[in-house]
Structures are given as C-alpha cells and as structure tokens.
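One chain is shown next in structure tokens, namely the form predicted on its own.
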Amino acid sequence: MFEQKKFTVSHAPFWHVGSSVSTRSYNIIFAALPAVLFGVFTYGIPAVGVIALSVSSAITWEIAFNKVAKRPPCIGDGNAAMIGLLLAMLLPATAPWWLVITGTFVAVIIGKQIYGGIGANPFNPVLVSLAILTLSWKNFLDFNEVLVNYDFSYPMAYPLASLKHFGVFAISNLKPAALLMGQQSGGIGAIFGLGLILGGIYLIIRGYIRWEISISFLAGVWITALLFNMADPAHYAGPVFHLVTGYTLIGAFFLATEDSSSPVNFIPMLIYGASAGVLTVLIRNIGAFADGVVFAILIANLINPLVDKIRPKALGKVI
C-alpha cells in the first residue's frame, strides 16, 4: 500500500527586529504620562477617576470579548490599556461613569475586536469611540459647559469654542506660549501641549511612530490656517493658535499615527497626514464642530487604503 508522506509547509526564515505589540503599547503609555500627569494636576481627583475607569473598563471589555470568542487572553500586550488611556485623555474630567464605560466598549469591541483585533482595524478605535460619543451626547463633551465649575486662573475656558462663536476678538488676549503650557481647558490629557510634543519626540526617536505623519499633519494645519487668516484676519485665527489648541498635538503624535489605520509608504504618509491637517482646519473654520481633529483623522483613515497604493515605479526594465 502506498504510504503518503505529509510535509509541513511554513514561511521562509526571516529576521525579527525585536519589537512587539506590548513594547509599543507601553512606550506610548509612557510617552503620554507628562500630559496625563499635568491633566491630573489641573483637574484633580475627578481626572484620576476618569482615567482609572477608562483603563480598567477597556481591559475588562477585552477580557470579556476574548472569553466569549474563546480566544486566549491578550491583555498583557497593553493595547487595551493604551486605548483606555488615550480615550481618557480626550474626555473631560467631569465625564460620567456610564459615558466612559460606553466609550471603552465602542473603542475595544466595535473599533477594534469586531474587525479581527490588532492590525485589522481600518479606523483608530479611540477616534471611532469619541466620534460616536460626540454625536450621541455632545453636551457631555462641551468643555465650556461641563468645566464651568472649575476655577481657572486664566481667562479662557475652551479657546476653540470661543473662536467658533465670537471670532478672533474673543481670543486676542491669549498667548500661544501660555496655551502650550496648558493654560486652557479641554480633554484631561490634551491641554499640555509641551508634554505632548516631548512624548511625540520620544516616540519618533524610538521608532514607534513615523515623523512623516506627524510633521505633515502639523504642516497641513499650519498652511490651511495661514491661508484662512490671510484671507480674513478678523474672522480666522492664525496658524499658531490652531497648533496649540484643542486636540491638534495629541492628534499629530498619538492618534493619526496609529499603525493599523495609517499608511506605511513615504509619499502616502505625507498625503495622509497633510490631508488630515487640512480637514482639521476646514472643519474648525467652516464646519459644525469647534474641533475637527477627530473627524478629520477618521476621514483620512477612510482613504488610507487607497492612498497607500501610491508607490514609486520599480527600477529596471521589463524584458
């Protein structure tokens, strides 16, 4: 009788660079700590509560999904904790518990796991969550309204909202350096611009994010805001203001650079980042929302597969 031999076929050998999902996640968490700690210092115990609940509930949703789907536990990779932390950084310190838990559910289950988990999500899970929360319960994310009881030592609560409703005159007394140092209200981890820049530089140097996306995003914001300002200085703020307010800096270094939803090739990265930056200012200046970073990056995520096909022609000659 013929004895059939079975062969095990596997991928060819390859070199591993030594990086891992857990290493990247924990380094992003580490890079975000300066901005997070400043937010805790500014908003106090309520901020600690939102951060703790967001991180813990994100991990819980991850465990629950793996249990239901009969998958091995994966919370050790730190991805769920990173998602929870980044979401908390975008929320106000006054966010109710049910809003935080709903947000982490949307981020982990709908934004990530429903597509197959890490590496399969076409959109940034954190931005999917915040977009749904904004569209569903926008009053809880109105920083001027929900943070009204905080006694800030600076004159402006949420500069982007004031610009949207009252024009450039309302923000004329604000100093960019002060805004960069956190003298504005907003998300728990989004107000300390200097801390976000330092964290972004750390991630770029360590190779966890690509500078092309961050720099092109900021360049897109700068150029578009400058053109608006040159066309009508009395109505549109200058580029520096747009760079140091809202979610701009956290978007440039921590949101637009998410691996699964961003390009991997050089030219596509520049197009992706610049288009998100342009859309950010367009939404702020002529759109319905005070801050356009969330929806701008989500739209860029949408066009990412098409943009990433743009590659230089191969060298050589077809025979």
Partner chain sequence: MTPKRELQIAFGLIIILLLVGVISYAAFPAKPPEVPIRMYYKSVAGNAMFDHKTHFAESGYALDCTQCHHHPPYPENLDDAILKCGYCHKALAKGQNYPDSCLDCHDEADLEDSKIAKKSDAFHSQCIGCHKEAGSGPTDCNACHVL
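Everything numeric here is computed off the predicted structure, so don't read it as measured data. Numbering follows the first chain given and starts at 1.
The same protein also exists as the form predicted in complex with its partner chain; that form is not shown, yet it is the one meant from here on.
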TODO: Answer yes or no: in the predicted complex, does its partner chain come within 4.5 Å of a heavy atom in every one of G116, K175 and I213?
DONE: no
Task: Listed residue (V100, L249, A225, L90) with a non-hydrogen atom within 4.5 angstroms of its partner chain in the predicted complex - done: V100
- [ ] Name the single residue among L282, A52, L33, I267 that comes within 4.5 Å of its partner chain in the predicted complex, judging by heavy atoms.
- [x] A52
Task: Interface segment, criterion being heavy atoms within 4.5 Å of its partner chain in the predicted complex, picked from 258 to 266, 272 to 280, 290 to 298, 57 to 65 - done: 57 to 65
Open item on the list: Is V240 part of the interface with its partner chain in the predicted complex - any heavy atom within 4.5 Å?
Closed with: no
Open item on the list: How about A95 - does it come within 4.5 Å of its partner chain in the predicted complex, if we only consider non-hydrogen atoms?
Closed with: yes
Task: Close approach of I75 to its partner chain in the predicted complex, 4.5 Å, heavy atom - done: yes
Task: 4.5 angstroms heavy atom contact with its partner chain in the predicted complex for V148 - done: yes
TODO: Residue by residue through 108 to 145, tell me which have a non-hydrogen atom within 4.5 angstroms of its partner chain in the predicted complex.
DONE: N139, D142, N144, E145
